[in-house]
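Only one chain is given next, in structure tokens, and it is the form predicted alone.
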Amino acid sequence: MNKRLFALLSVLVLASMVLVACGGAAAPAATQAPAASGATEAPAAATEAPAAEAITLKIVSSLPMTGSSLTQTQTIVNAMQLRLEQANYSACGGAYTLEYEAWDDASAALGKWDPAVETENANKAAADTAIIAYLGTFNSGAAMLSIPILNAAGPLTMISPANTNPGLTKADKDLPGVTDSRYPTGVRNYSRVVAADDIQGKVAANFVKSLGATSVYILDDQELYGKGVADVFDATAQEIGLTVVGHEGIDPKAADYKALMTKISTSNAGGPPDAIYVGMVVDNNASQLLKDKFAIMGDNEKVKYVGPDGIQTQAFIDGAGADTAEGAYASVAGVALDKLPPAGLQFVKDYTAKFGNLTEPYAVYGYETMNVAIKAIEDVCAAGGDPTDRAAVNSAVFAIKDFDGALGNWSFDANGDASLTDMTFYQVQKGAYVPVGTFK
């Protein structure tokens, strides 16, 4: 071979090597011919096209993570994280990565949920188009602020593990037109996995009567949730023949309630009523109210003390003291943890293994809320849709029917209410809430 020909061939070889290195000469992996039978195949990394990067879908929760409610809300957040972990933080065969952030809608200044903070959270979620589900809120008053903001943003679906005010979903349970006005797009975007107060208040009144009470004094914290459940209790009590001796709102910031309890102690023909029903959350001085009731009227056997799920938390018992709280009752939607269906019992087992003993009943509702969000995403994918589309995810939430979840088999109705109606009453016994009966 002469030197000029050798030089030319060398240049051509070098040029071909450069083209291959730049990706210009080799055929794409998907179109390359398979290796001949018996031939040695190239390493997969060298021949396979890189997998497409998963798209991130963000889910946020907005719950009071500051103040007395933390004993409940931390277990809700734990349960949501557990469900995501079980899903390997992915959906739709790995095409989407699920990212979760737990937001606080409370402030140190108030020591409970703060309207300004919740509004800020809702606006922040509305502006972040990667967020496709907003899990919350815990307080019904907070939901009333967020629903219209999120409704106008897609709508962005909102799934609550704890809101119970009927008027959030049912127009006939609120002032005319108020419920519908919260949904400016005309499309519902708010749902909840917990039974509303039109069930809780009604069952509570019947429960108090079943304890042998014939008279009751009703108190509430003047918030949407507390007053709402107290009003339903009031109406039902009168329907079933319980004498409502009085019904008034309290100041949640009062130093003490001894004057109020002194008045109640002589309100029923010179003596105390058979029972006191309090519509409130633990953050609103619930423990102090019970301590002053105990100081004036004695233990809870003499004058029954009953409340809704807002006081069914260990923080309420600890704040009042175990001896003072002994015998008090509180209701929670659903069945007791040890009476959950198989999926629910497995949740309790998994939760306990990861986070320790579970006593707060709302944890399973947090788990189910995340369960719903993940199912909606998967259902959108299964139908060939795009789970980055907020409206598609929201529609999938409302389409959930006959879902076998941790709470049992249930469905959402057109308003966003779950078909679950069981209510369990708990009594404080030796410093802890113990289930004493489940009612329809």
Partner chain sequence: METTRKKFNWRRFAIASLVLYIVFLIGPVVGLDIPVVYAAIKANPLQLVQFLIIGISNGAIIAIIALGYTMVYGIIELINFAHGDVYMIGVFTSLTVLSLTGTLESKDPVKIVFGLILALIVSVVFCAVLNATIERLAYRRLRNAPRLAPLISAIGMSFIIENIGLMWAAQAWLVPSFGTTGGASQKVFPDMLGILFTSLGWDVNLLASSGIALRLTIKDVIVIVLAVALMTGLYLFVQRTRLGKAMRATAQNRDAAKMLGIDIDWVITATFLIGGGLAGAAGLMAGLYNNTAWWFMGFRAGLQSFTAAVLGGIGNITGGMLGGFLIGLLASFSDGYLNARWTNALVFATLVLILLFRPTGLLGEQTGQKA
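Being a predicted model, the structure only gives us computed values, none of them experimental. Numbering follows the first chain given and starts at 1.
Form predicted together with its partner chain: not shown, discussed below.
Among the residues Pro115, Gly94, Pro342, Gly321, the one placing a heavy atom within 4.5 Å of its partner chain in the predicted bound form is Gly321. Out of the listed residues Leu337, Leu84, Leu224, Ala315, Ala315 is the one that sits within 4.5 Å of its partner chain in the predicted bound form by at least one heavy atom. Heavy atoms within 4.5 Å of its partner chain in the predicted bound form are found in one stretch of 368-376, 65-73, 395-403, 382-390, which is 65-73. By the 4.5 Å heavy atom rule, the three marked residues Leu110, Lys263 and Ile296 all count as contacting its partner chain in the predicted bound form. Its partner chain is not shown here, but in the predicted bound form it comes within 4.5 Å of a heavy atom of Asp251. At a distance threshold of 4.5 angstroms between non-hydrogen atoms, Asp256 is in contact with its partner chain in the predicted bound form. Mapping the unseen interface onto this chain, Asn285 counts among the residues with a heavy atom inside 4.5 Å of its partner chain in the predicted bound form. When contacts are judged by a 4.5 Å heavy atom cut-off, Lys291 counts as touching its partner chain in the predicted bound form.
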